[in-house]
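What follows is a single chain, given as structure tokens, in the form predicted on its own.
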């Protein structure tokens, strides 16, 4: 059994922020990078599945990301945690970093690897769109279950019983056959820490770098980023619904004029 885990190295803003010369991104000197939290839980779930199938030949966990060379830091953390192989798909630059373009590139790897299971984090902490995983499932032609909070895999039937999180704290139980794609929610497990020996071994492993074309329109393009000017402060609109609605309409019209 082969499990592919899609991961992302995310950026976290510091106390100070400046826009770069392109006007479409934050200056990277003001960013700190790390492996996306949701993806850590997805990888841990893949490793636990592998361990539960201990003794069966051919099971491996492959991690894949889309990005530049700097993103290999995230892949090496995954290798240190226990992933067997790592693949980095070259990114096409900031203008091609939208979730649809990313999903197209990941779909190329899924088509090549032909995994039994694909795991993604529900969302990334920087974009917070929860879009890439479900787009990837559609492009790869895989059944999908989103916001998964537990997975119980039956190797005999090649099916999994999963719980997915709904609004209001409800859980939905779903049976899904393999191959399939699941987006994993935080809290599904307790991710392991890599020891020093595993980190050293991961740093010595080769990361495969590939180019996957992404043809078709983007989901969106960032035209401009800026820090908004400070206004006069908040305006309390009261509790009368009609008055509040009228004031909101007035504000919107003024902004659009």
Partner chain sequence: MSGTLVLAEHLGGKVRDVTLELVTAAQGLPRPVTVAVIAASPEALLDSVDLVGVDEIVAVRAGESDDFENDVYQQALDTLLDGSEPEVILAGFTVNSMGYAPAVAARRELGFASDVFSVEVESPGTIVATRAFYGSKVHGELTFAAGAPVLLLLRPTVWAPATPGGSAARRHLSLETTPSRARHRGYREPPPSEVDITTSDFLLSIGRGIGERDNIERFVELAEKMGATLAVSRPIVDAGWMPSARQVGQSGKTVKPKVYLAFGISGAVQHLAGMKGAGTIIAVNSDPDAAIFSVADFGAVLDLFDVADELDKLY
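The structure presented is a predicted model; accordingly, all values stated were derived computationally and were not measured. Numbering follows the first chain given and starts at 1. Take the two forms, superpose them, and find the largest set of C-alpha atoms that agree within 1.5 Å; that set is the rigid core.
This next part talks about the form predicted in complex with its partner chain, which is not shown.
With a 4.5 Å cutoff on heavy atoms, residue 146 counts as touching its partner chain in the model of the complex. None of the heavy atoms of residue 154 is located within 4.5 Å of its partner chain in the model of the complex. Put simply, residue 62 is far from its partner chain in the model of the complex: not one heavy atom of it is within 4.5 Å. Residue contact check for residue 228: one or more of its heavy atoms lie within 4.5 Å of its partner chain in the model of the complex. Of the stretches 119-127, 84-92, 106-114, 71-79, only 119-127 has residues with a heavy atom within 4.5 Å of its partner chain in the model of the complex. Proximity to its partner chain in the model of the complex, defined as a heavy atom within 4.5 Å, holds among 199, 222, 210, 53 only for 222. Taking a 4.5 Å heavy atom cutoff to its partner chain in the model of the complex, the contacting residues in 234-249 are 234, 235, 236, 237, 238, 239, 240, 241, 242, 244, 245, 246, 247, 248, 249. Residue 244 is among the residues whose C-alpha shifts by 2 Å or more between the shown form and the other one once the rigid core is aligned.
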